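A single chain comes next, written as structure tokens; it is the form predicted on its own.
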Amino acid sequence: MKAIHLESLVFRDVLPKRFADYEQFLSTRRKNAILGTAKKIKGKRIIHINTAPEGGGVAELLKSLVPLESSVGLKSEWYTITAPPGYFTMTKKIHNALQSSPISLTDKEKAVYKEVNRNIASDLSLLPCADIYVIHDPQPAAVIADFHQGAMISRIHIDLSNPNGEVLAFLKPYFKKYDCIVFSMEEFSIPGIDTKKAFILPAIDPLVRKNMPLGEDACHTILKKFSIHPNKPLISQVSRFDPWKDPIGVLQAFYHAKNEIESLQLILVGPLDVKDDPEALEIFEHVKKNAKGDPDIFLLTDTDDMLINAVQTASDVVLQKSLKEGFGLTVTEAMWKGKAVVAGNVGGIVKQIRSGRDGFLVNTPYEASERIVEILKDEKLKTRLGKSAKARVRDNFLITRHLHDHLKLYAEVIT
């Protein structure tokens, strides 16, 4: 089998960041707390490993977290993996199974999983030893079977509230070997494992192009290229084309709402070229078929940061109609832009939205449509929800808090 190669992203794909630039979002007390914790572990070497440099929430987090860790005195590095054809098809099965799909792995698939992880371990052993290794999500989790140096942390980002027991049983022996497992919330914690557990909610970076303020004229200029009308009501969902994001449910909600808001437009945006998500094209084609060529539905696969910013900023209502969700950074992004968000009453979304205060949580496409119509018909409600949403993100879900949570964890596992 072709050897696995770890690809460093530290200098090629991660822009330098200065902690000082983020002080505008911090009180003096919080700033001093972060710098005080960083001082305790200054110079420690951290290696993060995940599957893809683009196209998902983990990559979004690492693009900001890694350079910020470096900016406060750590030696932080980020590597992704390349693997043989079919590996990511198999690991997407694992991903879906851990989110409750009734899927079984064949003996051949299990053997490939183990061999790829052995190769990752072999490549890791060639690097200078780090103090801490953070292995993100299940795809490279079995590396622990053949490599254990420094402190080993498994960081699980997905919704594990109702995992497939067979696949979880296959992975449990690996999880048990880690020095610590980090989940986004306690509800995702794996039972029957005595390993130290920690809980860290994700966050967004307010200084990346996707999340910086974008004026109305700039939004209209960008969206005009796709024939999206600037003066008609607009709803959107930014997500991978993935069954757990329920794009078909979004279409159903749109059609229900359009019965009352005839000029309503819908944008669905998601990447098709994410290497660890081979299902995306198939789901996209299914969505396209169900959209039936409706001129008010826009399916976009260009995920340029400025386009995403324009879509979210220009939307009257932002949707995240997820059926399972580890956290949902697209929810956080929209809330930061002061948008009224209607989202699935699942996973990490419920940690963000206080229904009726910062947005609405829903369980069905029909409930989503009712909330969409309610918001579009009540400008004061839309404004109130958006204002509260932005304040909630500022206080709880910015990258500075995420950084501090990681620094505190590193200090705990090293000592």
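As the structure is a prediction and not an experimental result, all values here were calculated from the model. Numbering starts at 1 and runs along the sequence shown.
What comes next is about the form predicted in complex with a small molecule, which does not appear here.
The small molecule is not shown here, but in the predicted complex it comes within 4.5 Å of a heavy atom of Pro271.
Looking at Ser101, you'd find every heavy atom of it more than 4.5 angstroms from the small molecule in the predicted complex. Although the partner is absent here, Gly57 is a contact residue: one of its heavy atoms lies within 4.5 angstroms of the small molecule in the predicted complex. Contact annotation for Ile308: at least one heavy atom lies within 4.5 Å of the small molecule in the predicted complex. With the partner left out here, the small molecule still marks one of 122-130, 86-94, 138-146, 326-334 in the predicted complex; by a 4.5 Å heavy atom cut-off that stretch is 326-334. Think of it this way: in the predicted complex, the small molecule has a heavy atom of just one of Lys339, Arg155, Lys321, Lys210 within 4.5 Å, and the residue is Lys210. Checking Ser239, Ser76, Asn117, Ser315 for any heavy atom within 4.5 Å of the small molecule in the predicted complex turns up a single hit: Ser239.
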